[in-house]
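First, one chain by itself: the form predicted on its own, in structure tokens.
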């Protein structure tokens, strides 16, 4: 196969519990991560004589996809020249995992077009070298994540989950959010996280971007049952009991924000190879 085009889904941390920073500088996590049907990027990978990464947000070597290719080449022990074209729809610095999802799609597609023959478990091992969320996007679906986010355990699907992703143009740097989190007192991680929606980074993100409070209030006024910060922000997800309610809220909030109505995206519902 000379080329392959894949959808790169966004993700929602329906649960994100964060522990105190560890001696290695990382925060231990417990997170229920769900791949979403929207927004999604599109990643095209084609055989080429040299490596090229075309992305409007982070082109060339600075893109996480280039790091993914480095790791894959190290794993298989040979050069894997490809032309990568990333069409962005997932907003940057929104906590939706766009860069990690693109990198995972590049790993999956390059594995096919260069006939590397790696199984998913092997791709996950490669992904662990690239970024904390990249292994999740190799797996997809619904996963409990622990450690730095790379220790994955498949969770039961949530077919009744209806999400309205709201991008208010509030961009947040993940290191800045964690630094704000560290300035406030917080408890150690519980032995096991419950599946009730919660994000321990909410108050840190709100302290940096007070406008997030208005986004949550607007979601509630539009009928959301709950609202949860996406990752380290700044997108917010409204949770609804029915897709029709999410659609109505999108119509209400559409003039003020970019919105996407989404459901859980599973490996079974991914776009077919080349689609």
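Bear in mind the structure is a predicted one, so any value in this text is a computation, not a measurement. Positions refer to the first chain, counted from 1.
This protein has a second form, the form predicted together with cytidine-5'-monophosphate (C5P), left out of what is shown; the following refers to that one.
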Closest heavy atom of residue 131 to cytidine-5'-monophosphate (C5P) in the model of the complex, within 4.5 Å or not?
yes
Just to confirm, residue 255 within 4.5 Å of cytidine-5'-monophosphate (C5P) in the model of the complex by heavy atoms?
no
Though only this chain appears here, would residue 202 touch cytidine-5'-monophosphate (C5P) in the model of the complex if you measure heavy atom gaps against 4.5 Å?
no
So, in the model of the complex, is residue 27 in contact with cytidine-5'-monophosphate (C5P) at a 4.5 angstroms heavy atom limit?
yes
So if I measure heavy atom distances to cytidine-5'-monophosphate (C5P) in the model of the complex, which of the stretches 118 to 126, 83 to 91, 162 to 170, 175 to 183 falls within 4.5 Å?
175 to 183
